[in-house]
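The data below hold one chain only, encoded as structure tokens and taken in the form predicted on its own.
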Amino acid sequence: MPELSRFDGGAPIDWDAVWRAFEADGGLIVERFIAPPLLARLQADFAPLISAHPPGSTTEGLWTTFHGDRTKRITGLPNHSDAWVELLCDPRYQEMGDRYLGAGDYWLNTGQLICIGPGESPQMLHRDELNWPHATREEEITVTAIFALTDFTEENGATVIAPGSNHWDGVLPPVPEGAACRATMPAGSALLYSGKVIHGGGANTTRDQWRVGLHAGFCRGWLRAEENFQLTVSLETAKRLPERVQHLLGFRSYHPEFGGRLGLVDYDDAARLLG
């Protein structure tokens, strides 16, 4: 069975090796990515949200199954956590977006808590780039981090991922027996992965453990982001955010190197609404 490369974020890392693993396998794990004090703040900020939020999706059909009826998905996180805003500004996280999507040329696609509950079945395997089936191309259009806020184990729903599937032909080819592994990792780790790699949430076979991950991806600036941050994050919150985060959430307009400006207000930068 294949395994993902692992790196220790608590020690000096050869980031060239990290990106080689990313490009070869479509994903890798950085343990100790989040320092313990920041991890504790994230856990404390999100605990009441998780407790109050019901599991399952209100959308009937495919998405009910895809999202899981025993999984909680929670968005609008900048309203609730300065610690999450701080993590959004992490230069290592930014380097992934800059490297594969272009500096200043992407949005935050979604920043959602995915909390896989006891008894949840495995998620359908998929490629994230298929959010935009007509925009797929050889280069990346989306890259993602899943930050582990609890331990990810075989039993509680650690992500299933097929290393190297970022190079497989076809829209969504079947994953042969033995070609996938589980992204087990301790709390504070990050799974960094390509939008092309085939993956999905694992089954949670425990009786009482919730697997809590912060799924936070970037997408190119000319794509519609998965989360509508202008509706999940208040304007008052946006005014207090760092400029980089305002841009990532779409509260500042997109200015490509070539082409017209996008996301304008009265044909001026949306930042004018922030004061």
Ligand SMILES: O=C(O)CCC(=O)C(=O)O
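A residue's number is simply how far along the shown sequence it sits, counting from 1. Keep in mind it's a predicted model, so treat the numbers as computed, not measured.
What comes next is about the form predicted in complex with this ligand, which is not displayed.
Contact label in the predicted bound form: residue 199 to this ligand, heavy atom within 4.5 Å: Residue 199: yes, in contact with this ligand in the predicted bound form.
Partner proximity in the predicted bound form: residue 80 to this ligand, non-hydrogen atom cutoff 4.5 Å: It does not: once this ligand is placed as it appears in the predicted bound form, residue 80 has no heavy atom within 4.5 Å of it.
Proximity of residue 220 to this ligand in the predicted bound form, heavy atoms at 4.5 Å: Residue-level check for residue 220: no, no contact with this ligand.
4.5 Å heavy atom contact, residue 247 and this ligand in the predicted bound form: Looking in the predicted bound form, residue contacts with this ligand do not include residue 247, since no heavy atom lies within 4.5 Å.
Contact at 20, 100 and 167 by this ligand in the predicted bound form, all three, heavy atom at most 4.5 Å: Looking in the predicted bound form, the three residues 20, 100 and 167 all stay beyond 4.5 Å of this ligand (heavy atoms).
Partner-contacting position among 136, 150, 75, 123 - heavy atom within 4.5 Å of this ligand in the predicted bound form: Exactly one listed residue reaches within 4.5 Å, namely 123.
In the predicted bound form, the one of 87, 143, 146, 162 near this ligand [non-hydrogen atom within 4.5 angstroms]: Contact check passes for 146.
Answer range among 32-40, 236-244, 210-218, 46-54 for contact with this ligand, defined in the predicted bound form as heavy atoms within 4.5 Å: Among the listed stretches, the partner-contacting one is 210-218.
Interface residues of 84-114 toward this ligand, as seen in the predicted bound form [heavy atoms, 4.5 Å]: Only a single residue, 114, comes within 4.5 Å of the partner.
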